[in-house]
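Encoded as C-alpha cells, the following chain is the form predicted alone, with no partner shown.
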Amino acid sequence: MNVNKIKLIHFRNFLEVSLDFDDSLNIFIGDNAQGKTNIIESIYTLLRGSSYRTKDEYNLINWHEKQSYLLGEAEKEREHFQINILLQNIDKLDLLTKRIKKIIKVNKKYQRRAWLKEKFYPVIFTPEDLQIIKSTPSIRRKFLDEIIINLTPVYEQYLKDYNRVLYQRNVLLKTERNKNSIDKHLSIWDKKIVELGTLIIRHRIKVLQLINKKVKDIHQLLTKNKETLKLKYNSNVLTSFTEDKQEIEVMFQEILENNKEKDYRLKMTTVGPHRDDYSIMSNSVNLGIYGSQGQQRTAVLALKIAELEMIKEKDQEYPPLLLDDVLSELDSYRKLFLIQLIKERPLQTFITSIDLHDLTQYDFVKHSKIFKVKNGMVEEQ
C-alpha cells in the first residue's frame, strides 16, 4: 500500500502545501517546531479519518482559519483512492467548546470514518509510544485494541457495545437507591456485559499469542539473543487461563456475582476487560517496573515491527510506516537494525529527523525523497 500524494490547506501550521511521495522512502528534515510532525499527522489523518495526537479536531485547523482540507491519493491492492477530508469549525454561541463538522469523500462518494479505518491502517511509531510500557493499563489496552481492530474490524463494535452496557450498569449503581431494584436490573446488564466481555477477552488472548509469535524472533535479533520478550495477559476475570467461550462466561458471571457488594459500595463495575492489563516481560522481568530506558525502547520497537508484519500477513502487502523522530531515541545498533529492515522490504516509509546525519551514515538516502520543512513551508531537496 502507498500514499502517492497529499495536499494540505490550512492544516495545522501549513497554509497550502502539495507533496508527491516516493513509493519507498520519504524523509522530512528541519528544526524542531517547524511542522515535520504535522506532516506525519496529516498522512495518518488522511488514511484513518482522525488524528493520533488529539481528540479535539479543531486543533487541526490553522488558527487563522475556519476550515481545513486534506486531499490525497493512495493505492492498495492495485486499487486507487482519492481521499478528501474537510474540517469546518462551527461556531455556537451557546457552547463553550468548538464544534467541528467533518466531511469525508473517497472517490467522490461520501464515506464514514469507519470506512477508512477498515481499509487503511498505517503503523506509526513516535517517542510517546514508550508509554505503552511505562504508563497506565489504559494505554496498553488502547495499543492492543487498535491492533485487534486493524486485524478484525468488527472488534471495534464489540468495544463500543461493551462500553455502552458498562456505562448503563454504572449509572444504575450510582443512581438507584433501592437494593432490590438494583439486583433486578443488574441481571439484565450482567448478561450483556458477560457476553460482550467474553468476546473482548478471547480476541485479546488470541492476538497476544499472535504478537508473541512475531515479537520473539524480532526482539532476540535486537538484543543479540540475550533477551526474550513475551506479553502476558493479566485478567481480573479469568481464574485459570482458557480461550473457551463457555468457560470464560462462567468465570465472568461468577466474579461479577462475587464482587456485587463491592460494586454497590463503590457504585461502579469493578471487574471486566475494561480493567484488564498485560505485562511486557523480558527474560521474565516486567519491563514496566524494572526495565531500563534502553530495554523499554527496544521492546516498543520490536512490538511496532511485529504489528507491521502482522498487518502484512493479513493484507499480503505492507502498510505505510510512519516514524516521527524515533531515530534519536535509539542507539546505533537498533538504529541500524530499523534502517536495514526498511531497506529490505517493499515498504513505503515516512520519517522525520532534525538533520540527515543519522541517515547518511547508513547509506539510507540514495533512493529517497527528501523534504526540508521550515516555518510551515516544505521544499523538496
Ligand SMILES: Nc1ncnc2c1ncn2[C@@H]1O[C@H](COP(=O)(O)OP(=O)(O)O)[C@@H](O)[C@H]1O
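From 1 onward, residues are counted along the sequence shown. Everything numeric here is computed off the predicted structure, so don't read it as measured data.
Only in words, not in the display: the form predicted together with this ligand, which the text now covers.
Partner contacts here mean any heavy atom within 4.5 Å of this ligand in the model of the complex, and among 62 to 70, 43 to 51, 308 to 316, 329 to 337 they occur only in 62 to 70. Contact annotation for Gly35: at least one heavy atom lies within 4.5 Å of this ligand in the model of the complex.
A residue is said to contact a partner when one of its heavy atoms sits within 4.5 Å of a partner heavy atom; Asp355 fails this definition for this ligand in the model of the complex, lying far away.
This ligand is not shown here, but in the model of the complex it comes within 4.5 Å of a heavy atom of Arg12.
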